[in-house]
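The form predicted on its own is given below as one chain in structure tokens.
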Amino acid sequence: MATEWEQLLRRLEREGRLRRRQFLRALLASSLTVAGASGLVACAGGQQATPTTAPAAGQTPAAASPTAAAGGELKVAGYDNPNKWKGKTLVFAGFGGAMQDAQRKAVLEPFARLTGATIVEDTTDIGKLKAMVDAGAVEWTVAQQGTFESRVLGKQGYLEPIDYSVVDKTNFFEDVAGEFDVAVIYWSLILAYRTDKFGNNPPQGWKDFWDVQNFPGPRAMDKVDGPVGNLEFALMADGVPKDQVYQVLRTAEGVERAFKKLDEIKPHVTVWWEAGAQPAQLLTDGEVDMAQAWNGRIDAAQRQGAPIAIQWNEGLLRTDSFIIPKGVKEKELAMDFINFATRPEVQAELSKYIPYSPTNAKAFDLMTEELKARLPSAPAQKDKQLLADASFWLENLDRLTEQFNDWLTK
């Protein structure tokens, strides 16, 4: 079993999520380390990527950051003791770029101010986390990873179980509170289209994406995550209700059905994209008329005036999680930080800086309708989408990725 999990983790790192992280940190270099990407727009917020200060060579307390939010200070229920964690240091390992810039403003700096903790920042890396735990020399307090990766690491014994007597999960959406992780943001793989081509008759879902007669034009599809998304979308295009997709995919006949449906659209796919910037740019330039895309990238392009739109119907909703390495020095501090980061006030604040959305349903009570309309887990959008089934993909990702890659080369 350990060997199977190791193989799966390597596959996750190599085939899919590693390259998604290249987008989240401005097209990061391999091994999940920060590398500047000059001229490229970082993450969904459309900001330039800035590397997070590395530890050892001059760690920077978040409270001293020059990007601290000016003006009105965030207040969070239950966090009104600025001496609570005074003298304690929390090392946060995030994805860097615009994502961590937003977290610094909405999460790290307020936590430091409200609790007295000193926060230093590092860049998340699965290999480094495992090495620290194996050596019994854990430097990080809390790290961020994709939920799929987090649950693999938890099963491998690299993470502390989450203490839900500290982390309040009362208003979490489903599948947010994992045994070893807490999902902290939602993002979506959605159908995006050019409004000047389909503005009067927009595609309503994947059936229309596959309908090249009534919705003609070149398409772009996601190669980054391999089978994840593509198989679900193929089945929905073939008439499977979204609440039955994983039930069908758990059968050999269902997998065969999905690949048969992919055969139909394959001749009309002019680009299988391998970086998050591609579909938005392809749509903006008019090279394709429809594309699968990450919602954040399309949001950024829309706000820059591109004639493109998001169809939330039948999008694939996914999450990223906070995790605590096994053997952490400040376990109580780590749990309290995760509780803080998932409070409605904090999650609502984070969404103002970057269009990824809360895992705490109450956060939406604190938002404008305009902001809600941009976020994948807002009720109006969330109910239209399919929540990715982590348990299914943890069991089947390796096998189906190999099958998908074989299919793609034929």
Partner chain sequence: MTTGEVLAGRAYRESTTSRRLEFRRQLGYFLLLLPTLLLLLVLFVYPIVRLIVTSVYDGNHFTLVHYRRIVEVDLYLRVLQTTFTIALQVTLLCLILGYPLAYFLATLRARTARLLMILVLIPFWTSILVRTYAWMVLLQRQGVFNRWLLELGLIDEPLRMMYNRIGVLVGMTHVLLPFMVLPAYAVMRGIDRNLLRAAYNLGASPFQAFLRVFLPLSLPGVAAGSLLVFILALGFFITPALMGGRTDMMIAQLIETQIRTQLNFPFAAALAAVLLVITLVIFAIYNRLLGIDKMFGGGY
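The shown structure was predicted, so the numbers you read here are calculated from the model rather than taken from an experiment. Positions refer to the first chain, counted from 1.
The next section is about a form of this same protein that is not shown, the form predicted together with its partner chain.
Here is the short version: of Ala309, Val248, Val76, Val271, the single residue with a heavy atom within 4.5 Å of its partner chain in the model of the complex is Val271. Checking Lys242, Arg257, Lys266, Lys84 against its partner chain in the model of the complex, a heavy atom within 4.5 Å turns up for just one residue: Lys266. Contact with its partner chain in the model of the complex, defined as a heavy atom within 4.5 Å, is made by none of Thr170, Val176 and Leu350. Its partner chain is not shown here, but in the model of the complex it comes within 4.5 Å of a heavy atom of Glu149. Within 4.5 Å of some heavy atom of its partner chain in the model of the complex lies at least one heavy atom of Asp285. Contact annotation for Leu397: at least one heavy atom lies within 4.5 Å of its partner chain in the model of the complex.
None of the heavy atoms of Leu114 is located within 4.5 Å of its partner chain in the model of the complex. Contact with its partner chain in the model of the complex, defined as any heavy atom within 4.5 Å, is confined among 335-343, 200-208, 230-238, 124-132 to 124-132. Residues are counted as partner-facing when one of their heavy atoms sits within 4.5 Å of its partner chain in the model of the complex; in 386-406 these are Leu397, Asp398, Thr401, Glu402, Asn405, Asp406, in sequence order.
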